[in-house]
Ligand code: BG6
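Just the one chain here, laid out as structure tokens, in the form predicted on its own.
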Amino acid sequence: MDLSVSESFSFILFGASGHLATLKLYPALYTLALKKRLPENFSIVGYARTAMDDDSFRKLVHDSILRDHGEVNEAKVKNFLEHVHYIQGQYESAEDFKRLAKALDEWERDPKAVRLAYLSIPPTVFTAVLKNLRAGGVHDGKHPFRCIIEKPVGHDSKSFAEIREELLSHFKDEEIYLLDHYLGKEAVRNIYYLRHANPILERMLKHTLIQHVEVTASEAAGIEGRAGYFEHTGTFRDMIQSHLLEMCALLTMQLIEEGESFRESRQRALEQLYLPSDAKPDDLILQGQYAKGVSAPGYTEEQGVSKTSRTNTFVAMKLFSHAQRWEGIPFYLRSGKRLTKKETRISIQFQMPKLSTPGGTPNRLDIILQGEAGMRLHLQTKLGGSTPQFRPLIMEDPLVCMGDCLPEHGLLLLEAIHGNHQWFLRFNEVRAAWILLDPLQEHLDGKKTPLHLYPAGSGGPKEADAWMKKDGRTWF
């Protein structure tokens, strides 16, 4: 597919001064313009309650781009900013949305311009915005329309069902785009395509060869001023519920044949993930929270965080898959903030060799998606001498994006403009994830459930190591 846009479009961002907008969206949109992926006629419209004029908003966007890119061509930034506008308005006011619709009509030279409404706002104001997009004429039935919602969609299966019902009462299913930005990362997409393009690798991925799988997403950063969001969400909802479960689905989904649905296959893989019914919650999940480290504050010392907060910043959990080729293999998922380093990785440990290999260790395949991205196959080779002794043999290659590489939000926005849903979530995927994790979230919320502290900048709670050792395993 040609990942450039010839049709004009309007990108309307609700939550225009928020963390996601300034950290990810504006730099991604500028990158698309820089790479000449955008049409001559497009508009980027910020909508929020904050009092601001076009010049003030453009400075906010400019500063966001500069922080991300470091050095920029000011002439190209100036040209980009000419397409940037701001509308101050209330989310509950249909009249304010009518002003927005009128402004869009003036900026758009094409009566068929695609309109994208991106909701980077708290779910508490979803209802008002969804209602007024129609009542105010932004969604007028004449322009192709996309409503984009960033994960997590809701905070449990009940709230998700309410949001789903609200969305479908205003828009058609094909107009709704549920976005998990991990699915815009080329490295994450490559989890599936490495299997697709390498039959030898696919034949290795089955329960007769594998002992266990570890999926890790560690972050060196803290909450970066997002206390309002993170206090309500925590690492379990923020990282496990979508990002890590989707990575598991891409690893375990059935490779599709021509004519089959990629999204349906990914959904089936997610629905096949399960928790053993006879296991105790403490055997399936463990949570932690970072405390003050050598050069970083503790979580409860962050601005906007309650001193008595029990929000988890680290989670480790175990699950399984009903997929036949993965039956019986434990998947260990782990994610945390203020850890030693930033890294996203899938590690697959194969079973121990049947014959004795003195000095040997199990074979392992590491697919490192962020950090020092690469693919490493851990094998064994014989040392010199008449007695068979072995040492590790590591075969590796960097997994860096080559060719048409775009930031994840930029790539997903282009695909949304084109009407391509493949890398957006289906409602049933989100529902399956919440149903799987709701019992564990209820356990984590219990006042008697331990919340293990760990120093900021460390490898996480020491209790997580003991938790793994109960299964006779260690984290890689």
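Nothing here was measured: the structure is a model prediction, and the numbers come from that model. Counting begins at 1, following the sequence as shown.
Omitted here: the form predicted together with this ligand. The next part is about that form.
In plain terms, the part of the chain that comes close to this ligand in the predicted complex, with a heavy atom within 4.5 Å, is 335-343 out of 134-142, 335-343, 398-406, 311-319.
Taking the partner from the other structure, this ligand in the predicted complex has no heavy atom within 4.5 Å of any heavy atom of residue 390.
Taking the partner from the other structure, this ligand in the predicted complex has a heavy atom within 4.5 Å of a heavy atom of residue 239. Contact annotation for residue 370: at least one heavy atom lies within 4.5 Å of this ligand in the predicted complex. Residue contact with this ligand in the predicted complex: residue 151 places a heavy atom within 4.5 Å of it. Comment: this ligand is not present in this chain, but in the predicted complex one of 266, 243, 85, 146 has a heavy atom within 4.5 Å of it, namely 243.
Out of the listed residues 214, 219, 302, 186, 219 is the one that sits within 4.5 Å of this ligand in the predicted complex by at least one heavy atom.
Remark: all three candidate residues (24, 181 and 226) come within 4.5 Å of this ligand in the predicted complex, counting heavy atoms only.
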